[in-house]
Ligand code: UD1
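Shown below, as structure tokens, is a lone chain in the form predicted alone; questions about how it binds or moves come after it.
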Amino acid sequence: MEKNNFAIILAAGKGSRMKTVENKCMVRLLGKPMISYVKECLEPSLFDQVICVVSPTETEIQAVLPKEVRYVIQPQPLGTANAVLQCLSLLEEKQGYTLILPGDVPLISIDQIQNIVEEHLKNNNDLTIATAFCDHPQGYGRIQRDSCGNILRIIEEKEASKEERNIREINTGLFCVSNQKLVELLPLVKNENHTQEYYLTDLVDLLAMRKARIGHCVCPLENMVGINDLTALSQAEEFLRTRTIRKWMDYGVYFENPHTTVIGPDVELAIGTKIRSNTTILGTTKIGRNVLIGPNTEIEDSVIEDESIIRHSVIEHSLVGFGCRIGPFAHLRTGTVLKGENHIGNFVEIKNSTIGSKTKAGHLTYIGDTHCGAEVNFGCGAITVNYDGSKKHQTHIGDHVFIGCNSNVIAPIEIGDFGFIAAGSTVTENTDPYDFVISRPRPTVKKDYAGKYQNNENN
């Protein structure tokens, strides 16, 4: 008989208490879907295959989990036992074990998963339940034991008596079970309860009646909490946020005000970085050494290289090179690459553009779909006009170009090296190196006319 170890993630529930239109398991903590945390805790050395049970209309989960995850459809939301039942054809004639866990326990760790599996294998259990102790166990199934401490069953709260609800040991929703026992007994689970659902917890009853080996592994409650509503979501996010910041502080990153700072779980920070108040850094962002970020800054899925300063700005899907000075109030949009030692000042927006080293845009500038050379100066109000109302077009600017204040460079266009565009010009044609461009309407001056004009206006 072939041996295979499986992990089944249950992700077909609607999660109506979350008050969200998306799948509950796709709700984000620190910018990352809950189910991604769960999948990352499933160490490949412990499991030959990861299976995710989803609803017939689910597509979001498949977009975020790795390609090796196998998906099984639960046609109707008939309970957790029914969800696992859809996977049985994959487990038939397979020795080994299956770990079953909800997709909404993002605080669980690799170590805790490993402890559960080790407990299961060490004692040759047919079933191992991850339990926890809770002073106020509202909403959780209770672990009922006999006088010798053996687990008899799990009582769902809706089915529990007043006395049973006082039991402090709870079911966390994680089970490690023998494949053979799961295939044999799961089809026997019935829906004879208040909700008419098929509870996976009824499997414990069936095993206990057959004198099977039922073990348990006690886990810290704070790591096993299921996220079922927005209050629990907020508490989980605060737990993760605090744990993440503490880790980076121990590593050598300075936080001016940790209580107002959010660092995502996949962010990488280097020693010597200083992060000021009201800063949020998410996604796969990498921050180099001796970087100053904040206050009031948002960065996502970007790279910030050594010695840079980012103040009061938003950066997304961009690369900021060595020694750049960004902000205040700059916006680097997707596809921006700064080669290094750039100054991008207040109210400057850059999108899908590569900017050469030591190029400066001090204020009130838009640069879009542009390849810009080194040591270029953008004056106040300069714009690369990339959109004609139908299509986006490219601008190419050479090295050592001066673009004067309030200039419009109309794409598609190429500006040669060492070019000079006078303030107030609108440039519509390519220029050669060293060209001087001035394009302004000739002013009309009427001497001593202002007073007469103003008097006429007042009459």
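Numbering starts at 1 and runs along the sequence shown. Fair warning: this is a prediction, and the values are worked out from it, not measured in the lab.
The next section is about a form of this same protein that is not shown, the form predicted in complex with this ligand.
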Exercise. Name the single residue among T365, N125, T273, Q74 that comes within 4.5 Å of this ligand in the model of the complex, judging by heavy atoms.
Key: Q74
Quiz item: Here the chain is shown alone; which of E156, E341, E316, E118 has a heavy atom within 4.5 Å of this ligand in the model of the complex?
Solution: E156
Quiz prompt | Listed range touching this ligand, judged in the model of the complex by heavy atoms within 4.5 Å, from 176-184, 377-385, 97-105, 273-281 | solution = 97-105
Exercise. Indicate whether T201 is a 4.5 Å heavy atom neighbour of this ligand in the model of the complex.
Key: yes
Quiz item: Looking at the partner-bound form in the model of the complex, is T297 within 4.5 Å of this ligand by any heavy atom?
Solution: no
Quiz item: Does this ligand come within 4.5 Å of any heavy atom of L78 in the model of the complex?
Solution: yes
Practice problem: Give a yes or no for S308: in the model of the complex, does one of its heavy atoms lie within 4.5 Å of a heavy atom belonging to this ligand? | Solution: no
Exercise. Determine the residues of 23-44 with a heavy atom within 4.5 Å of this ligand in the model of the complex and present them in sequence order; the list may be empty.
Key: K24, C25
